[in-house]
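Okay, so we've got a single protein chain in two different forms coming up as structure tokens, structure 1 first and structure 2 after it.
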Structure 1
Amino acid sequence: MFGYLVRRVLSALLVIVCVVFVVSAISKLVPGDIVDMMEAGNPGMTEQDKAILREQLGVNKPVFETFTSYLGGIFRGDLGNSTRLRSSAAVLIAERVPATLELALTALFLALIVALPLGILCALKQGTAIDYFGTIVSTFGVAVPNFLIGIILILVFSVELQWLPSTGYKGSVVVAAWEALKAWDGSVLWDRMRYILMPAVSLAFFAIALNTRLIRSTMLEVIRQDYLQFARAKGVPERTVYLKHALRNALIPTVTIVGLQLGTLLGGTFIIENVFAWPGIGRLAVQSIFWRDYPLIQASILVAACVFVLINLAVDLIYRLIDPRIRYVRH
């Protein structure tokens, strides 16, 4: 197990190094830079002024020099400075990571509490109205993009019904839950939750659709296995057969998808955060692209890559907890 972890950490570092190199190369291929955008707001800038500014900002360095310099800074904990906001990229991202993580985890939680029971019911009630309802939900969730779902929710619940705010962020729901518990006042929690509900539902809809179909198909496959028939023959109650034996084995492929979906949800926040003006890393990354703020773009992509790598490692470790038969041995 230790050897496996060492190999995975080394491979993760290699992936991150490759990501840094690709981002450094791509940033040089994009036409224009931050100096060109600064010139638009300062018509009096001369070519000499632009050359001096490019030298100061380091945007005229060759690709390999930019790559090695940035990689060295990463190992020192320096992700560069934003050329637009004149602040540390690491600080700017750290300020927005909690909001993005809270949105993605809330969406994943909503996806699981809806998809898990719905997928199990669709498998146990195959061919019934419940199964057809699950199929409709899955098809709709896969076919409709999350930003369109977000716009529909805004039109219905913000514009027409005026139940929920269309944009904004008033702080962490977790912190609000603790404050509401101490004050025994549910209005404190609801005041924060009403801002996260529509973004989280918009983000979770695709995951709900995918997980529902996956759980249904894996449950149908597992409940036909001989060992479950043997358990029934021994007189094991049906609830125990389904929840203890069938569901545990059916969750193995689901854990893979759910783990990867967390990374996908974090990527999906790049769009949803802009639809709902959510102050997370996704909105910051999109703004940095418009600003041609290369250090901030690189830092955002690097953080996203690190999250994906950590999620993949966590999924492999969870495998071992769910199914002790899985071993990590080199053949």
Structure 2
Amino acid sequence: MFGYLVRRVLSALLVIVCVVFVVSAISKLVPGDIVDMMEAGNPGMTEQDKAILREQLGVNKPVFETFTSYLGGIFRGDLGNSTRLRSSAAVLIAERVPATLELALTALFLALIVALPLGILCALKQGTAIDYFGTIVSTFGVAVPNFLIGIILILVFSVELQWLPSTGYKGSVVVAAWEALKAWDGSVLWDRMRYILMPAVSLAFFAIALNTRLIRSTMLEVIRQDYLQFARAKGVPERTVYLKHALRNALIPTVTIVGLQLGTLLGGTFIIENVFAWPGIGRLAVQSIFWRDYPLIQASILVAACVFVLINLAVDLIYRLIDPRIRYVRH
């Protein structure tokens, strides 16, 4: 276990170093003069500003030196300054990470809580109307892009029914949940939840569809196993057979997939945040591309990639802990 842990952490570190290298080399990879490009998105730049930027981005330095100075900056907590917003990129991003994580985690939660009963129900009622409904939902969910789901939700719940706000963010739901618990007042929580519901559902839709398919097919497979017949034969009630014996084994592949999905969901936030004006890293990254604000682009991509690598690492290690049968083979 320990050897595996060390290897896994080292390989994650290596990936992060590669990310830092690629990100620091952006100033070299951009076709043309990067600072002239930035002037187009940031009017009113003086020659002096340009000189400072050239120095900061390491335009005139060799690639390796750019890399080491960028890496040095990271250790000092300095990711450069946003040219557009004129403040520290690290601070700008730190403010936005929680919103992105909260959105992705809520979507992950939804992906499980909806897909689990739907998948089980479809498997148990195979061939009935419920099963067809589940199949249609999963076919649509896999095929329809998340931003389109978002637009449809806005049309239904904001434009037609006027139940939910179409964009915006009023602060963390988790914090609100704590406050609501303390004050014993649900309205505080609902006021925040209204904003996260549609972004989270549109982000989760794809995962819900995939998980429903997966849970349905693994359940169907497990149900046919001999040991379930045996359990029935010795008089275990149907309910227990399904919920205890079958479900438990059907859950293993699901849990594996769900962990991997967190990454896909984080990728999806890059689009969904822009649909719902959700103030996370994804929105910041896309805005900074428009502004040609390269220090901010570098920083947001770096942070997004690192969050990603760390989450994958955590998921891997957690699996290893909860299911010792999963053995990792060295390549």
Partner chain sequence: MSATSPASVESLDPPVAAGRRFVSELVRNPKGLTGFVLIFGVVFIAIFAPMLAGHDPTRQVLEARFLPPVFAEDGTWGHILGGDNLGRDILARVLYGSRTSILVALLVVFNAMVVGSILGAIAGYFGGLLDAVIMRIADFQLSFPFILVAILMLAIVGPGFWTMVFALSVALWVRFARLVRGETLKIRELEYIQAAKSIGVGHVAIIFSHVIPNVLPTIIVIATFDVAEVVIAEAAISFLGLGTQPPTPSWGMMISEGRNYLFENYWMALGPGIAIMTTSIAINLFGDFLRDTYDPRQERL
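Just so you know, these numbers come straight off a predicted model, no measurement behind them. In this text, the rigid core denotes the largest set of C-alpha atoms whose superposition between the two forms falls within 1.5 Å. Structure 1 provides the reference sequence; residues are numbered from 1 along it.
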Answer for which single form is the form predicted on its own: 1
Gly73 C-alpha relocation of at least 2 Å between structures 1 and 2, rigid core basis: yes
Core-superposed comparison between structures 1 and 2, Ile271 Cα displacement 2 Å or beyond: no
Ile136 C-alpha relocation of at least 2 Å between structures 1 and 2, rigid core basis: no
Cα displacement of Val307 between structures 1 and 2, core-superposed (Å): 4.2
Between structures 1 and 2, how far the Cα of Leu13 shifts once the core is aligned, in Å: 2.8
